[in-house]
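Shown here is one chain on its own, the form predicted on its own, set out as structure tokens.
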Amino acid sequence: MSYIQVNNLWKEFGQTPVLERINADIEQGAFVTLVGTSGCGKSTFLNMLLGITQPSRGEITLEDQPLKAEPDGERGIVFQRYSVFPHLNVRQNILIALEFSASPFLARLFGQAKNEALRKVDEIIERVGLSHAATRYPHELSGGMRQRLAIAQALIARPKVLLLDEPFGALDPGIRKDMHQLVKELWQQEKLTVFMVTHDLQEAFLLGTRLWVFDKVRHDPDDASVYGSRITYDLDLSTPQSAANADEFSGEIEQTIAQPVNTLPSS
């Protein structure tokens, strides 16, 4: 049985389709990397998984149940821009995620409940490598450290699905390599199902067990906005052999994701 199912999914903004006829079955524990030219709908798809954008048609199910139409603790997300509170230190930034979850109106915990929450916070801080910076504020952190904080915020509620929207695009290559290792370790330890949008094809092959390429199959030579994108490649990367076979398509994929979405040729 599929863990997540995407059934005939469409998304239109006004009269403009962004995604059309998206169908997929995703197994639990998959690490799905999403690539495609800018504007092809990758982040829109991620937002539908999160629940902040609703499909125009079709549906997404999680464990055979319709995906909830708003973010919840089952889905955590990390953006390229750091979604942290500048007036709170590292420890407080992570704690407030638990406080909002337990008490949406007050965003406060007390007594034993707070002590237990702080224990969980300190555990995740250690796991993401920020124990030495627990009392620092975001402006005192490097880019890589702020992204570690954002990952800790996303994981503190123990989500089933982790969504990553170009989380490492602004990082230097050396820091990016460290973040790759961290995410792979957390994915395996937490038994997460991960969806990650990236513009870096090498990163997609390196981290993913499955690679999706979004592109337009149908084209109107007079109006590039008439049709939406679909998944044009769905490649298995779960074993060294399957990844090696999939690598044969890397040249074609590289050309696809490099081409501006509004200048695609007609077919």
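One rule holds for the numbers: they count along the sequence shown, beginning at 1. Keep in mind the model is a prediction, meaning the values are calculated, not measured.
What follows is about the form predicted together with a small molecule, which we do not show.
Using a 4.5 Å cutoff between non-hydrogen atoms, Gly208 does not count as a contact of the small molecule in the model of the complex. None of the heavy atoms of Ala246 is located within 4.5 Å of the small molecule in the model of the complex. Put simply, Val213 is far from the small molecule in the model of the complex: not one heavy atom of it is within 4.5 Å.
For the chain shown alone, Thr61 is not a contact residue for the small molecule in the model of the complex, no non-hydrogen atom being within 4.5 angstroms. Judged against the small molecule in the model of the complex with a 4.5 angstroms heavy atom cut-off, the residues Val18, Thr37 and Cys40 are in contact without exception. The partner is not drawn, yet in the model of the complex one stretch among 63 to 71, 22 to 30, 42 to 50, 235 to 243 has residues with heavy atoms inside 4.5 Å of the small molecule: 42 to 50.
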